[in-house]
Ligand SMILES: Cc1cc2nc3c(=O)[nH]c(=O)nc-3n(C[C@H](O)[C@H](O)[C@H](O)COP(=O)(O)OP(=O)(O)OC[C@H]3O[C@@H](n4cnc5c(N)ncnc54)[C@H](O)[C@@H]3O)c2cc1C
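Next comes just one chain, in C-alpha cells: the form predicted alone.
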Amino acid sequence: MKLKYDVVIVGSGIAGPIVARNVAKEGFKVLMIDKKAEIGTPKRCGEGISIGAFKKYDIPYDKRFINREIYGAAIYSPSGYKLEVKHNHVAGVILERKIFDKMLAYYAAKAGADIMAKTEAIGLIREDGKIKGIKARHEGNSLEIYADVIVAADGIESRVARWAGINSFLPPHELDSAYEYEMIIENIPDPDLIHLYFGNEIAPRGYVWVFPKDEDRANVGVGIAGDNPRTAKYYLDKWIKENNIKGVKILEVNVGGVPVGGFLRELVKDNVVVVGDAARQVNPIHGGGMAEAMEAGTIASRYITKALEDENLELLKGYTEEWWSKDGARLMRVLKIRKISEKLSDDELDAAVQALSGADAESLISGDYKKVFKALIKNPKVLLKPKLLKLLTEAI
C-alpha cells in the first residue's frame, strides 16, 4: 500500500507528537507512526518535569497524567548533608508517562495528524538518489509512506537518522545506564519533594533519585556511567539496602540508556530532520530529556512549516542553526560542567553541599550552574579545598 503525506514522523515519545501537532495545526498532512502496539509503553523515565513546560509548550494541565505535584527538591551529599529548596507553590509534577505520551499523540490527532501504532519503519524510500519516504510494516502488511519531510523521533538508537547517512555514533562514555523501580515504600522522606542522592560510591557520575508518585509510592532509580564495570541495578539495590528502605513492593522495573553527550552536529540531512533522544538532546548533568525534546520539536516544527509553505526544503537547515546557537551551545556548557564534576571526590561533594544555600539549590535545579559555582568559590569551606576550587574556576 502506498500513502502520501507532507510529513511522516517516526516515533511518538515527546518530540514526535509535538512536531506532529504543531505542523498539523498549520494545515499540512501529517502521519506519525510508532512500532509499539500501545503508545507510551514501556516508560523509560523518572517522570519528573517542571511546571513551566505546560504553558511554554501549550500542553493542557490534565490531572489524568499527573500523579503528584512537587514543591521542590532535596539534594544529599555522600555523607548525608542535605540541601533543600521548598516552595509554597507547585514547582513541578511527577507524570504518568504511559498516559502522558498517549495524550500527546491524542493532541496531535486532534490537530489533524494521523496516528498509526504498531507500525515499524524498516527503511527509507529512495528514488533517483533522493529520499522520498519511509518503508514500513503495519500488522504484517507492507507500506510505502511518501512524504516531503521525514522526522526521526525514534529514540536513542535512531535507525532513521542512520539510514539517512547522519553520523549518529555515540561514544560509550557519553551514555549513562539507568535502572528504576516503581515501588511501594513506607518511608519516603517528604513526598512533596524530589530527592537526589550523590556520591561516587552511591552512583558513579550520576545519582539516585526518589520521585514520589503518592504518599507511599515512588520511582526510585539510579543513573551511572554506561562504561562502569558494575551495573546500575547493583548500585540501586545496594542503595536501597544501605538506606533501610522499608515496605518495598516492586510494581514495575524500567531499564534504559540515557545519552549525556554526543549531541548530533547534523540535525538535518536533505529532507530528514532529527529530534529528541535521536539527536541526543538531553541534559548531560541530570539526564532529563523531556523539556529538551519539547524545545527541539518546537523549533523543528517552525522550520518544517516554513519549508513546506515556501516549497523550499533548504530552509530545514535553519533548525540545525537555531538549535545549536541556543540550546546546543547551552548544553555544551552543561557537558563541560558535568565532565568537571566527575572529577570531584566525595569529600569535595560534601563540602559543596554544605556550602550552598536554599537559593543556590534553586539555581542548581533550574540549571543556572554558573551562578552556583560563583557562590561556591566565595565560600570558606570551598577555599580550603584547592582541587575543588580549581575545578569550579575552570567550569566558570
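Residues carry their position along the shown sequence, with the first being 1. Treat the numbers as computed from the prediction; the structure is a model and nothing was measured.
The form predicted together with the ligand is left out here; the points below concern that form.
S.K.: Look up in the predicted bound form whether I33 has a non-hydrogen atom within 4.5 angstroms of the ligand, and give yes or no.
M.R.: Yes, I33 is a contact residue.
S.K.: How about S301 - does it come within 4.5 Å of the ligand in the predicted bound form, if we only consider non-hydrogen atoms?
M.R.: Outside the cut-off, so no.
S.K.: Even though the ligand is not shown here, does G276 get within 4.5 Å of it in the predicted bound form, heavy atoms only?
M.R.: Output for G276 is yes: heavy atoms within 4.5 Å of the ligand.
S.K.: When the contact criterion is heavy atoms within 4.5 Å, does E295 count as touching the ligand in the predicted bound form?
M.R.: E295 lies outside the contact set for the ligand.
S.K.: Suppose contact means a heavy atom within 4.5 Å; in the predicted bound form, does that hold for all of G11, E120 and G155 with the ligand?
M.R.: Contact check passed for all of G11, E120 and G155.
S.K.: Among 310-318, 75-83, 227-235, 207-215, which stretch has residues with heavy atoms no more than 4.5 Å from the ligand in the predicted bound form?
M.R.: Only one stretch qualifies here: 207-215.
S.K.: Among A161, I145, L264, V282, which has at least one heavy atom within 4.5 Å of the ligand in the predicted bound form?
M.R.: Partner contact (heavy atom, 4.5 Å) among the options: V282.
S.K.: Can you work out which of A203, V268, M290, A113 has a heavy atom no more than 4.5 Å from the ligand in the predicted bound form?
M.R.: Flagged contact: M290.
S.K.: In sequence order, which positions of 18-51 have a non-hydrogen atom within 4.5 Å of the ligand in the predicted bound form?
M.R.: Read in sequence order, the residues that approach the ligand (within 4.5 Å, in the predicted bound form) are I33, D34, K35, K36, R44, C45, G46, E47, G48.
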